[in-house]
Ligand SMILES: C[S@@+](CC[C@H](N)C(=O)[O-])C[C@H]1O[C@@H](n2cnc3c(N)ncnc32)[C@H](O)[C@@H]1O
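Quick setup: one chain, the form predicted on its own, written in structure tokens, and binding and motion questions come after.
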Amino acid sequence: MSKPFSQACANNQDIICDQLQPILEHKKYVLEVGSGTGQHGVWFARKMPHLSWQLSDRIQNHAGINMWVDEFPSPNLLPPIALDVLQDLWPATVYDAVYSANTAHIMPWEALEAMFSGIGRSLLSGGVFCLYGPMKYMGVLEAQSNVAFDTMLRQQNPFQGIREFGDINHVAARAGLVLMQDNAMPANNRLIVWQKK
């Protein structure tokens, strides 16, 4: 098996890290939901050594994640735990931050709701959830690249697609999360931050 690689992760990890650093400056324990290839977790753990960074994903993705962890180990980077938001029990550990990138538009809506519900339970009071990816506002995708991406996603699977921010924010509110920041990012993405009250 060859080590998985995402060019998008390589392209955006620096700018996301720059945005995350002040948000996570006083946090200690981060859960990454849907670590994918593992590239973001490996990079952010090295750049923010004050954090304990917990990788997680469905078990079938662990082999690839562990290849990145083995090649770029950090004392604050924890091996992936099994987490399917619809099936697995969430970790008993509580965290003061959760991060997830490019997950909302590829999972079914019921999985997105389950993800937010689990995050709401897993966060300490005052903890933050940082969600990265493309977003739709008032039904509009302004960038043509996002329109094309959304079309491709829906052709691949009808449950996929770029989500409406208002709908996601409503789900967040039900999970006890209050909007803190909505940051524009390169390549027509957003980094949205909620806080558990």
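Throughout, we count residues from 1 along the sequence that is shown. Every value quoted in this text rests on a predicted model; they were computed, and no experiment measured them.
Just so it is clear, the following notes concern the form predicted in complex with this ligand, a form of the same protein that is not shown.
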**Item:** Per-stretch contact check against this ligand in the predicted complex, the hit in 135-143, 50-58, 164-172, 23-31 (non-hydrogen atom, 4.5 angstroms)
**Value:** 50-58
**Asked** Might residue 9 be said to contact this ligand in the predicted complex, defining contact as any heavy atom within 4.5 Å?
**Response** yes
**Asked** At the 4.5 Å heavy atom threshold, is residue 71 in contact with this ligand in the predicted complex?
**Response** no
**Message:** Can you work out whether residue 103 and this ligand are in contact in the predicted complex, taking contact to mean some heavy atom pair no more than 4.5 Å apart?
**Reply:** yes
**Request:** Please run the contact check for residue 78 against this ligand in the predicted complex: heavy atoms, 4.5 angstroms, yes or no?
**Result:** no
**Request:** Go through 21-45 residue by residue and record those having a heavy atom within 4.5 Å of this ligand in the predicted complex; state none if no residue qualifies.
**Result:** 32, 34, 35, 36, 40
